[in-house]
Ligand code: NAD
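Below sits a lone chain in structure tokens, taken as the form predicted alone.
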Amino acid sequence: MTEPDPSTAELRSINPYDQSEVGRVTVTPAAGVSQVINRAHQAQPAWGTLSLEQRRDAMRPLGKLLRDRADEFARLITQEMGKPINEAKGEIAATIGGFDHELDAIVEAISPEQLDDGTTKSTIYYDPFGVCACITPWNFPVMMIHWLVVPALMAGNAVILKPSEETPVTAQRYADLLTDLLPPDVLQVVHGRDDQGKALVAGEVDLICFTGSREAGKHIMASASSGLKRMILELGSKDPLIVLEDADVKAAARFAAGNSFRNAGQVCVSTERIYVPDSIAGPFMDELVKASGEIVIGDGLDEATALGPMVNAGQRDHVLKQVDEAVAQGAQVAFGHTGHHHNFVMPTVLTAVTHDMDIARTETFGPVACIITVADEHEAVDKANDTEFGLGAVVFGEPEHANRVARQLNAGMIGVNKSVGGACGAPWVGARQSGYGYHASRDGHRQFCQPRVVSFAK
């Protein structure tokens, strides 16, 4: 969490576990954001005229710099937002794993493409938009920055990064490594809260890349509409898990516990709704409660810890309010919902959840597993699709059967007997109100570019 320091115009980053100060960053005055944008516009043309290979070679040392500081970054992530240290190490490993291949894949994706129909010869160029604003969240404070900033820079854009005010020190540390490799003002950082983000969106930027809540995404779209600015938005979700009658019940329950409680449920593809047939609800519940009871809770810097504190008191209060309202409306506590303290929300399993409850419809982003029993898979699919969201979904069952069910779900990514993440080169993509554009893959990288077609008669 962060606290403003009005005497010095700084953000003080506070450890959610023990409220100690992690560090400080200087706030960018909202009135000064336009100057940052102007500097970006001045710096972009020289960067954009470099070849793809030159930009790639300039950025390639970032991988080694991050690898050499992996433990430092992991510890900082844990201190700033509470993520258990092993998960923080995993975030860094996933960020830098295959970085050289990632750069090469971007070069391949946005290199000029030749078309010839016998009458006309065309070249499709993938040119920079100009200045890209990247607004990133706190729950993956290195990976989410990396996912947006690297392809934006590789495309030849100048980038202005507005990281979450909850994790500004981690973001600045990452940006410092990268800015040392780049010409001046090609990458700049704007620190602050809503005022700075609004000034950036309203400014003369050409592309807005945002990862965060659906509500914030809607505000960004409304603000950007007057200039018809290009956007890439990854928004919230309410991911379902469907457990079929032919599923491995123990494996499904173990997955449900891990994916509901990982990072205290503060993951965009956390499992937030679990649909289980009446015929296997009892055994599934027993396994889920057992797995939930094995979770070690405590200081994220302790390697035994699997669940740390929530990022701040506001997020904690939102989760507890949802749970209390659900219980008041008839949901039953099968596990947990006691012992909450400071910024900790204890892992909680709810049963008898119905679709008219807020906890079944609004994003929770906390360590709560909600079980909704159904008569059969058809009811499960209908209820899983009864949402405005559509980022991810998971189906557990006999593989061919589960695949048939997966194809009926309105989500951008569906995992069968696993998490939603796809093979290397697959896009990270949402459906419905969970996504507008997407990341990774050939087509994802191209979304950071303006296609330009130059044609000649033969």
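In this text, residue numbers run from 1 along the sequence as written. Keep in mind the model is a prediction, meaning the values are calculated, not measured.
Keep in mind the form predicted together with this ligand is missing from the figure; the text below concerns it.
Visitor: Taking this ligand in the model of the complex as the reference, which of 91, 165, 377, 206 has a non-hydrogen atom within 4.5 Å?
Guide: None of the others qualify; the residue that does is 165.
Visitor: Identify which of 336, 128, 197, 366 has a heavy atom within 4.5 Å of this ligand in the model of the complex; exactly one of them does.
Guide: Partner contact (heavy atom, 4.5 Å) among the options: 197.
Visitor: Under a 4.5 Å heavy atom criterion, is residue 268 part of the interface with this ligand in the model of the complex?
Guide: Yes.
Visitor: Is residue 137 part of the interface with this ligand in the model of the complex - any heavy atom within 4.5 Å?
Guide: Flag for residue 137 set to yes.
Visitor: Check residue 80 for me: does it contact this ligand in the model of the complex (non-hydrogen atoms, 4.5 angstroms)?
Guide: Answer no; every heavy atom of residue 80 is more than 4.5 Å from this ligand in the model of the complex.
Visitor: Just checking whether residue 177 would be counted as a contact of this ligand in the model of the complex - the rule being heavy atoms within 4.5 angstroms.
Guide: Residue-level check for residue 177: no, no contact with this ligand.
Visitor: The chain here is shown without this ligand. Which stretch in 69-77, 119-127, 187-195, 343-351 comes within 4.5 angstroms of it in the model of the complex, by heavy atom distance?
Guide: Residues of 187-195 come within 4.5 Å of the partner.
Visitor: Where, within 209-243, is there a heavy atom within 4.5 Å of this ligand in the model of the complex? Residue list please.
Guide: Result: 210, 211, 212, 213, 216, 219, 220, 234, 235, 236, 237.
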